[in-house]
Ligand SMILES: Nc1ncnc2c1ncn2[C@@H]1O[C@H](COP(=O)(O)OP(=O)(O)O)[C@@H](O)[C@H]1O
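The chain below stands alone and is given as structure tokens, in the form predicted alone.
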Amino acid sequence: MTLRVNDLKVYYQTLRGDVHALDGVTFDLADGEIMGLAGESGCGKTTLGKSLIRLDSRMKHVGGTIELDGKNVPIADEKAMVPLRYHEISLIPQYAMSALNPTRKIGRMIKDLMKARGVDPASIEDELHRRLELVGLEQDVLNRFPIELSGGMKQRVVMVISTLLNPSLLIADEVTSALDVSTQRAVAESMVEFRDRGFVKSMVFVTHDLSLVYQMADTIMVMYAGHVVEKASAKTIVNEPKHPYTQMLISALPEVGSTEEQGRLEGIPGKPPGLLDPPTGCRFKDRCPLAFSKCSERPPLVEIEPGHWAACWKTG
């Protein structure tokens, strides 16, 4: 098992109190697995990605554990996390196209990063050229400044940099959101190929785009208001979701070829609860058409079928 997360609680410290961004998240990620992480804005997707590598100083680790390749990940200790970054756990950030230093040429930037990680840049030069070619970039991109590259080229450069040291776990946070459709597909295919070639062992792909993640992910985990509500194979989540939130999320997506005569799309009424003072029990209960008295208690995440987990009293 590559990754094992158990009862992870991560809060953001604010002047008004703690925001319960992750409140007891548990899941496993197998060797070679690409897991799509989906849900509405503010559900905790990006926080989960950041907490696995600890890149936000406002985050407070409240409880829970993370294991990677059988070893504890010390996310409560900033200094202890430094040696793991890029070597064991790597991140393609949400605004990857703005993550490149505008005053440095790409090649210089990569050399500086490798030196900072204790790696001789000359030792990875051939592999760097090979991976640039793999994502469709010429070697002369190393002599350019970021401003000289298109959005898709910047995204692929960041993808190469993030995987150059062959991390066990790659967290990709909304890496296709600002790209056109054809470039989205190219980037997604490259990421799957990186997994298939062994450049990364497993991957968490954070996205709003369920149609895209359905094509590339092995499994999909759906989050709501800091909780995991469902996790299963991508095919099962899209075609046979069990949790009411997942069902409503899928029903809000348009189908290719659908027309107005075939029915209007239905959104999810209401809005997610505030996480400064989150409600008790199931956090979806105020928006859920199936809610009943038992929902005042938090439903456990249980395996309802082999490989299919859900947190709902109606599905248990």
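Heads up: residue numbers just count along the shown sequence, starting at 1. The structure presented is a predicted model; accordingly, all values stated were derived computationally and were not measured.
If you look for the form predicted together with the named molecule, you will not find it shown, but the lines that follow are about it.
Enquirer: Under a 4.5 angstroms heavy atom criterion, identify the one residue in D28, E40, D69, E33 near the named molecule in the predicted bound form.
Expert: Only one listed residue qualifies here, and that residue is E40.
Enquirer: Using the partner position in the predicted bound form, report whether R58 sits within 4.5 Å of the named molecule, counting heavy atoms only.
Expert: R58: contacts the named molecule in the predicted bound form.
Enquirer: Applying a 4.5 Å heavy atom distance criterion, does V19 contact the named molecule in the predicted bound form?
Expert: Close contact exists here: in the predicted bound form, V19 approaches the named molecule to within 4.5 Å, heavy atoms only.
Enquirer: Test of understanding: in the predicted bound form, would I53 fall inside 4.5 Å of the named molecule by heavy atoms?
Expert: It does not: once the named molecule is placed as it appears in the predicted bound form, I53 has no heavy atom within 4.5 Å of it.
Enquirer: Are any of the heavy atoms in L249 no more than 4.5 Å from a heavy atom of the named molecule in the predicted bound form?
Expert: No, L249 is distant from the partner.
Enquirer: In sequence order, which positions of 63-78 have a non-hydrogen atom within 4.5 Å of the named molecule in the predicted bound form?
Expert: Nothing in the stretch sits within 4.5 Å of the partner.
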